[in-house]
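So here's one chain in two forms, each on its own in structure tokens, numbered structure 1 and structure 2.
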Structure 1
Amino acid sequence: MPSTRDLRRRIKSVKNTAQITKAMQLVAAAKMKKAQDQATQGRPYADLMNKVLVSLKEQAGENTHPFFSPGKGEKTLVVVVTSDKGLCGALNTNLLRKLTQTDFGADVEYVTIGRKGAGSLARLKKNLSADFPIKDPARFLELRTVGKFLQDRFLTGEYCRLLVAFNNFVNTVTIIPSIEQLLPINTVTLGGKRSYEGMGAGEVEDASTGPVLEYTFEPSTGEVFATILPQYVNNTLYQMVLEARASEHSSRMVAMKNATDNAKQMLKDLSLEYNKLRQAAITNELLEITTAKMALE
């Protein structure tokens, strides 16, 4: 039986924990909003790129760039985007489970973005070839570096395809671990809407349905393609990382909300017990006084 003093101590500590988790919840909510805004701001860029890509596709024929055809090698390169920090529910676990359940063929290499994924894959003794620390909020320039690295790898011809595993943010309660192909680029969907664009899908213009505009391409269609495609890949990667970041923060927000709720419930139970104990002590004392008085009479 705990004493009232023990109980008071516990109540105090639970109260503190609830305060911390509440604060973390608010911070995560603000960060999630920021990641979403960031994704929205990339929209004019994506729109313009799609518009030009569609017109390019018409004029240049499709298989003019190495990014369109699978590499000669057998290997698969998988980019795993996870969070750097924990306390975000089953987010990373779900993604890694999906990863281990998917069959990528015999020869797989991994590149990680985020500390959690790097740690887990290293523990699983997977073939980890590079790890990129990306700050939060993610900057495009940082991801361009990752994009360049991945494209260089792909162009060596060792890999037949390049996949990205990330958490797709649909809304705060629905986060879907997804694996999307980054390279080779799918010519059919090029310039169209992307399937993972959870954050405000439908707002990115689907340029593949509009009228195709005629342009003069300078220096040549081939060279314009060679400039645009790496940027297209980088931007796609950037958007995926933003999705993953939004997922992380929303997942953390939900986890922290649950923690706060649990702490509140615990506080309620503990105070009830504390009050009961206090009342019992008072009753006992009264009883003792009364018996003592009666004994004297």
Structure 2
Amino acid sequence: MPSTRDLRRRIKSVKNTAQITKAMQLVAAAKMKKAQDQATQGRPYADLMNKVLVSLKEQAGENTHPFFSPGKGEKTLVVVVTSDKGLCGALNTNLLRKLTQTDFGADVEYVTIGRKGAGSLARLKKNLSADFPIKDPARFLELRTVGKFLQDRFLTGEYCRLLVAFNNFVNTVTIIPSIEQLLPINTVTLGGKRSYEGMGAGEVEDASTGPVLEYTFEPSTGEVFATILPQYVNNTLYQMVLEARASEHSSRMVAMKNATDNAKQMLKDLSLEYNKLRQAAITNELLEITTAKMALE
């Protein structure tokens, strides 16, 4: 049975831990708001660009640009977007579990953004070809370098497709580990499938069943695709990183809030145990005094 001194030390330790987790919760909440705003503000542009290019892919044909058709090789290049730091719950664990459970084929290479993903894939002895440290908050200029690297690797022809594994942000408590195809051009879902989207405004039009639009290219189809497709890859990758960062800060805020609440509950339990032990000690002392007085009479 612990002594009162041990309980006092433990109560002090738990109080210090609760102060730390509370401070980390407030910091994560501030970062979460900025990250969520960045992610939600960039979705309309990314979704519209993806919708237009998927439509163009069907009209232009696979041989119009290399980004519209699979590479000649059999390799798959997977970009894994994780966090640099921990203390964000099961965020990275869920993404890596989905990654390991997905069958990409026999020959797979990985490119990581975030130290947690790089360390985990190295421990799993995966074929890691590159690692890019991206600071927080993520900047488009940094992601453009990553996008250029990925486009050059895809244009070599040894990769049949380019995939991105990231955490898709829906709301503060709902985060979906996702694997989306970036190249060749394919339909990409950002922000998860939200059932409330479009409620009260009629049925939501699906990009695959909507009206077929005809586009006029100027100066030429080749020049337009040569300009817009690299921009699409860079912007979509940037949006995916923003989704992952919003998921990271949201998960860290929730994890720190749960840790703070658990610490407060532990303080209540320890204080109750300490008071019981202290009351028992006082009762024993009173009994000893009463017994000694009766013995002297």
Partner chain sequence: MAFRLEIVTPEGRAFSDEVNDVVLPGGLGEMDVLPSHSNLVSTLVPGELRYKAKDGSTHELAIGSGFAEIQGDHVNVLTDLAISDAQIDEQAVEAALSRAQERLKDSENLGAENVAAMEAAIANSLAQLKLKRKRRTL
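Numbers follow structure 1, counted from its first residue as 1. What you see is a predicted model, and the numbers here were worked out from it, not measured in a lab. Between two forms, the rigid core is the largest collection of C-alphas that superpose within 1.5 Å.
Looking at both structures, it is structure 1 that matches the form predicted together with the partner chain. In this overlay on the rigid core, P219 has a C-alpha that sits 2 Å or more away from its partner position between structure 1 and structure 2.
Once the rigid core is overlaid between structure 1 and structure 2, I289 counts among the residues whose Cα shifts by 2 Å or more.
Annotation: Cα of P70 displaced by less than 2 Å between structure 1 and structure 2, core superposition. Fit the two forms on the rigid core and the C-alpha of R43 turns out 5.9 Å off between structure 1 and structure 2.
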